[in-house]
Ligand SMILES: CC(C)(COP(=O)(O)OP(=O)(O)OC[C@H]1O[C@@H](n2cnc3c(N)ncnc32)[C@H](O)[C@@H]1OP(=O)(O)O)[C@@H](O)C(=O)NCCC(=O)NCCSC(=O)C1=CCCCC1=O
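A lone chain, given as structure tokens: the form predicted on its own.
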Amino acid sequence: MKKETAAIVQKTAPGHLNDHNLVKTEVVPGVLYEKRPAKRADGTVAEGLYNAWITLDNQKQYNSYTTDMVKGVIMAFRDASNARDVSSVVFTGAGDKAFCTGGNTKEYAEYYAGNPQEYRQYMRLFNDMVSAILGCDKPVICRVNGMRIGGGQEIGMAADFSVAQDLAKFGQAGPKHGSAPIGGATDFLPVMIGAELAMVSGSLCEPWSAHKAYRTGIIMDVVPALKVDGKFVPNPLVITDRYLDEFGRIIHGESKTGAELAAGKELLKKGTVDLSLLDAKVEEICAKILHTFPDCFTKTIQELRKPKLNAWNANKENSRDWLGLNMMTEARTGFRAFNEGPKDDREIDFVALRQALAKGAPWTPELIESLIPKAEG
């Protein structure tokens, strides 16, 4: 800051500033909040200015969010939104395996399954978390450090910008595990990537590579994270060269097959994950934001958020009601299967369910138990 500007600020700044937070934010296990010095484009520190980092820290469960963590995220975004010295918000996960894999399935299976009235209250909190991201007065950058799946994909898409390390995977999981992606995905995906690709991503539950997410427009940029012999290499499990196949289809970002896939897995074993390029890209975006008029930038992102906001606000309440009731049937079955089933068999027998329903079978405890995979012995 120039001496003349500093003198003006010192002279005109009020002696007391009001606190606009509702309550004093408490530290919540599983959610980290820190202010890191903001940097200019040349890398020098902008004294007195910060970027707020909100980090999901539940690595043992791939940064899935518990009820208390949802509360912590809401309060962290309120803090960041109100902080006068915060320029940007970085929303990320701890470690290098996952940004977030959605709601905590253990809590879902052991507490919310069969309790629709409780899950409906939980979904009020979830809705408030998404709304806190969409309504933040500061731009939100999702630093995708690993898997962004299910509800994790939904809260990530609520951010204004997303940049990913290229080993990350993206997608929905609801129809495979007893839910529907109506916590944001069905609102955001059509706006971001169009109706047809939204249908594919939202319903089929097939994870997309970071390169495919970039190609389709879910994220703004992707950087390598795998280091082999001291050098960064692109994700060896996917096709990262841009070209067309014999049918004229773009295959950039698609999974390799056969011998190429096997060779890629071997290369993956030899490497280590290094997120320094991801951090550098996040800093680059934050610096670009720093070098803008703050009110003009905020107004711009508020206007550009409207397509996502309009869809979200139109649907979030009836989605909450349906998700609560679904905890008596498919969610009750799917989440229990994921929580109780063997490690390599966490999905129900979908054909058996459809056959039973075709015969008019009611959702009884006996039906649910018959569908949940059991460990041998």
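A quick note: this is a predicted structure, and the numbers were derived from the prediction, not measured. From 1 onward, residues are counted along the sequence shown.
There is another form of the same protein, the form predicted together with the ligand; it is not shown, and what comes next is about it.
No residue in the set 91, 99 and 161 has a non-hydrogen atom no more than 4.5 Å from the ligand in the predicted complex.
The candidate stretches are 105-113, 188-196, 242-250, 211-219, and the one lying within 4.5 Å of the ligand in the predicted complex by heavy atoms is 105-113. The contact residue chosen from 74, 223, 285, 173 relative to the ligand in the predicted complex is 173, the criterion being a non-hydrogen atom within 4.5 angstroms. The partner is absent here, but in the predicted complex a heavy atom of 149, alone among 80, 149, 141, 133, sits within 4.5 Å of the ligand. Taking the partner from elsewhere, residue 177 is found to have a heavy atom lying within 4.5 Å of the ligand in the predicted complex.
The ligand is not shown here, but in the predicted complex it comes within 4.5 Å of a heavy atom of residue 154.
At the 4.5 Å threshold, heavy atoms of residue 323 reach the ligand in the predicted complex. The ligand in the predicted complex is approached by residue 123, whose closest heavy atom lies within 4.5 angstroms of it. Contacts between 57-81 and the ligand, taken as any heavy atom within 4.5 Å in the predicted complex, involve 60, 61, 62, 64, 65.
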